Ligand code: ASP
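In the block that follows, a single chain appears as structure tokens, in the form predicted alone.
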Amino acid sequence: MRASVRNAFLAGAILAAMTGKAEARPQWLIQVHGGAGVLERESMTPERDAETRAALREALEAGGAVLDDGGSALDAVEAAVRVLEDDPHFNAGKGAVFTADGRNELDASIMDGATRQAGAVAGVTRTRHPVTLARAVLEKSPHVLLMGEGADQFSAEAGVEQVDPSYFRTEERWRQLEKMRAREAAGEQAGVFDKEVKYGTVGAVAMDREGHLAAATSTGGLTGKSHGRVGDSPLIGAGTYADDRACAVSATGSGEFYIREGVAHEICARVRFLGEDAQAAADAVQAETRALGGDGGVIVIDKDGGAAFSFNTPGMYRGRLVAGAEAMVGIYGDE
């Protein structure tokens, strides 16, 4: 298994150096990710490295400001993910990839660990911040998951900010689709899980001052995905899960495998029923997912304030902010 970053970012005495467990539960804590994949120094320009690190810090600071002001974990993860949805470096919102027929279709989910209420959307095309639409489903709908035209209609009726679909287009993502089409035209099989793919799904997990947990995830899916494909990000229990009795998880990676493993819920089940900490549970489930053939990563906060990053790819965009400490971010597996 690739690096699990057991003690990736320490904040004073809050996080134990060797275990990643909390010595004493922090006042509040937030983690974010911006996707996992083939993220290596030699393939990253200094400018892109700096820009993605700055975006991760901005997301952490947005969520951290909510928590520091006494806000809820649910508010914090929404705030953090909205920042990443607005940044074209990530495969969510403004930076979403294109489907096989040249569309941007967005998925997102959010879950409150205190109540286990959840909201999710799949295949939306006009909502600037899909995570906010997922929050609206949680709060204003009797359902958990809305998709396609119905989700777009609900978004407008709920007063969530709308944009023209052209808002999501970026030239880099369009070039990625054209490259895939060219390879397929030449008889090459790109494959659903191309090893060159950088899974740019974004997500956040948080613990607030009351000890409540929340998680949120947002994505544009896979470049060239077939019509109607939905991955793990909007599926509660696969890409997102939060339960105050256990932990909060947001995942990124090869969605079909994360769905089959039920990654987010499986991690929380190990914490709740086996008494494992965030890192041990995350590493175990990541190993099982890798055995199925799935690459990617997760961010986790457990009920005791233990925090974990676990990924089986060369790198993962990731960051952590703990009350009273500076935001820390990383990209590569050796950080």
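The numbering used is simple: start at 1 and walk along the sequence shown. Since we're looking at a predicted model, the values are computed, not measured.
As for the form predicted together with aspartic acid, it is not shown, yet the points below apply to it.
Partner proximity in the predicted complex, defined as non-hydrogen atoms within 4.5 angstroms of aspartic acid, places exactly one of 249-257, 204-212, 69-77, 110-118 at the interface: 249-257. This chain lacks the partner; the member of M180, L138, L146, L222 within 4.5 angstroms of aspartic acid in the predicted complex by a non-hydrogen atom is L222. In the predicted complex, R128 stays away from aspartic acid, with no heavy atom inside 4.5 Å. In the predicted complex, aspartic acid sits within 4.5 Å of a heavy atom belonging to D232.
Residue contact check for G200: one or more of its heavy atoms lie within 4.5 Å of aspartic acid in the predicted complex.
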